[in-house]
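What follows are structure tokens for two forms of the same protein chain, given separately as structure 1 and structure 2.
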Structure 1
């Protein structure tokens, strides 16, 4: 049975680790939260006492942590996992982190003769549970072939992409989520204008889906309450995908735009919109809640 060390068993990591167990992997798990660890151990994983302990003897090491500083502290430095692993071990980090830190991790892994890939995901908790995540991977073609074998236990094989070299997965993820924020806000603005002028949002949505304004927010995530069954809008904007996470991803995208000398004005404005929702105490609501602040009739 192939073995994997899984570090970070939160909302995403927990169900992903369970899918690896279901696919026949032996999972050695670690999380700072005892409750998160116990949940995955109950599903068949072995509890480790530290990240280094989890990684000891594993064929593959996998992390799903909040941000770059957590991944760096677990993997790099004198106390880090990298320096304990045998040469050639595959290490995958699926956390959403800044591309610069991802590149530092690649560099450090190379120094320790390890095969590293940044493999952030798209799809959220529901896709993590269903094993239908999309993965965008940065690193060598050789590491990608090895990574795909692991990732297909947690995602759709046709949605596992080799985005490009070191850090490219994180760049693809940040750019995608910036575009998602922009078209969600645009969709909300269009629906608010329609509703204020007597249009039925359901009818207007059908018109836009059949026209050039068609986009993912309209297709599967309609932000007007009741237009689409199962969308967070119909469940009082319970996530779904939290405003806090979108604000984090826009921070990463805007930082990247700045470092690349790109004036991503709409990305910056989207960042302002989501920061303002956080300031209003809506950080834990779904990111489509921007609809409520635009449409007076929803107030």
Structure 2
């Protein structure tokens, strides 16, 4: 039975680890949260006492952590996971981090004779639970072929992409989430205008889905309460992809745009929207809660 060390068991990582268990992998898991760790252990994983302990003897090491500083802390340095692994071990990081840090991790992994890929995901908690995530992978072609065997247990095989060389996965993810934020805000604005003028949001949603305004937010994540079963909007915008995480991702995307000399004006405006929501104390609510700030009937 192939073994994997899974480090980081949050809203995304926990379901992903469970899908690996369901696919027949032996999972050694670690998280600082005892509750998150216990949940995955109850599903069949073995509890580890540290990231290094989890990685000991693993065929593959997988991490899903909040930010680049956390990934570097776990993987790099004299006491990091990289220094404890046998040459050739495959290490996959699905965290959403800045491309520069991802490239730094690639370089450190090469120095330790390891195969490393940045493999950020798209699809949200629902896709993590269903095992239908999309993966955007950066690194060598050889590492990608090895990674696919792992990733297909957590994602849709048709949505596992080799984006390019070191850090390319993070570039693809940053650009994708900037677009996601922009079309979510636009979807909320359109639905709010319709509702204010007597349109049923459910009917208007169907009209837009059949028209040129169709987008992912309408298809699988409708922001108007009660229109779509299972969407966070129907549960007072909880749980889901947090405002805090979208604000972080927009920061990464806008930083990348500046470094690339791209004037991403709509990306900047989207960043302002989500920072404003954070200032209102809504950071832990789903990012579709922008709907509430537009539609007076939802306030």
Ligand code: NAD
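Residue numbers count along the first chain shown, from 1. Only a predicted model underlies this, so the values are computations on that prediction, with no experimental measurement involved. Rigid core: the largest C-alpha set superposing within 1.5 Å between the two forms.
Structure number, where the criterion is the form predicted on its own: It is structure 2; that copy is the form predicted on its own.
Size of the rotation between the two structures [smaller rigid part against larger, C-alpha superposition, degrees]: Value for the rigid-body rotation reads 10 degrees.
Cα displacement of residue 226 between the two structures, core-superposed (Å): Here residue 226 registers a C-alpha shift of 4.7 Å.
Inter-form CA displacement between the two structures at residue 291 - rigid core frame, Å: In the core superposition between the two structures, the C-alpha of residue 291 moves 3.2 Å.
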